[in-house]
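Next up is one chain by itself, shown in structure tokens, the form predicted on its own.
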Amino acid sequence: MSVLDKIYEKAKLNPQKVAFPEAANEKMMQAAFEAGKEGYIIPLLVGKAEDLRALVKERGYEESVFTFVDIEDEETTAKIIEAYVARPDTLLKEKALRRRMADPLYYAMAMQKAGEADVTFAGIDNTTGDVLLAGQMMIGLKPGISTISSIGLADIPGFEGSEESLLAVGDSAVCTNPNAEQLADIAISACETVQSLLGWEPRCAMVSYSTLGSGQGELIDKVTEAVRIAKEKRPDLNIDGEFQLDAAISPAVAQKKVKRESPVAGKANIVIWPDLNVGNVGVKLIQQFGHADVYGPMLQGFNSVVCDCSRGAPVSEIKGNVIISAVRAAGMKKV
């Protein structure tokens, strides 16, 4: 059974409410329908309900699979606004919130913050920047986290790691050149993501071209400082480094290179790249030469799950990421 099959099984046990503010988009609607029809999620189509119902009928989908959220329904809108502004951790007041909620993206996130949805899923009609900005404004960042980042889950044929063929890697999509503080945030968020999605005990390695001082320079200094900050912020998490990649994931190499006790060296299940150059190249190498399936990127750092998908993604990929997002949301409630 593949990792995605296992995640799909989890989703069916506890379907979450996923809000789709780009519901009119044909690919998004199809993914929402398939995931809802098969019992993985409860799809909420956010927009002008009359128009959305017409599209559902035109495209031949079963209307009963969907819940329609009409952004022009005053009673529903007032209920969401009341719940949103009552929360102590929200910034927008009623008048400003009402203006924002004319946009389905902001309406969906207001619903999520108010407890009417568990996930907001977008990214085809809105840019990544749009989704990130709305998420920061409406959902907010987790306490102690100041950086939005991403993580991917690689299923690498032939890799025999501490989680069999699986390895979580990040950030490969969002933070271009994180400083030490941001890198620490990425590591902490990655640990929380794998806990909520997979139930792993995280072992997070921060990698560079040096293992525990074997090299010198400012590129290494950033990683070692990030390790220090991450450990100081979250001493309960197993975050260690700096390690070269092989010392992070290979017990035999770690035995030679790491001359101190480490809960991570040689058995990391999370690898944190030092910057986006390394992250992007690293993921492409895993995919091209390791023939890996890489699921994601999954946004992390928000108070609850916000998803941005690729504009060019096929329906199958969108559906998979929707279901992954739902399982993350259910897991975050437990954590």
Partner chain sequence: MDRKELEAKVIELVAMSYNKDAAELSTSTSFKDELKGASVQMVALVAEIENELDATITLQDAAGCETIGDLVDVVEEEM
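Bear in mind the structure is a predicted one, so any value in this text is a computation, not a measurement. Residue numbers count along the first chain shown, from 1.
This next part talks about the form predicted in complex with the partner chain, which is not shown.
Leu141 is the sole member of Leu141, Ala173, Leu198, Ile229 with a non-hydrogen atom within 4.5 Å of the partner chain in the predicted complex.
For the residues Ala102, Leu91, Ala252, Ala78, the 4.5 Å heavy atom test against the partner chain in the predicted complex is passed only by Leu91.
Shown alone, this chain has one stretch from 152-160, 165-173, 128-136, 69-77 that lies within 4.5 Å of the partner chain in the predicted complex by heavy atoms: 128-136. Among heavy atoms of Ala86, none comes within 4.5 Å of the partner chain in the predicted complex.
The closest non-hydrogen atom of Lys95 lies within 4.5 Å of the partner chain in the predicted complex.
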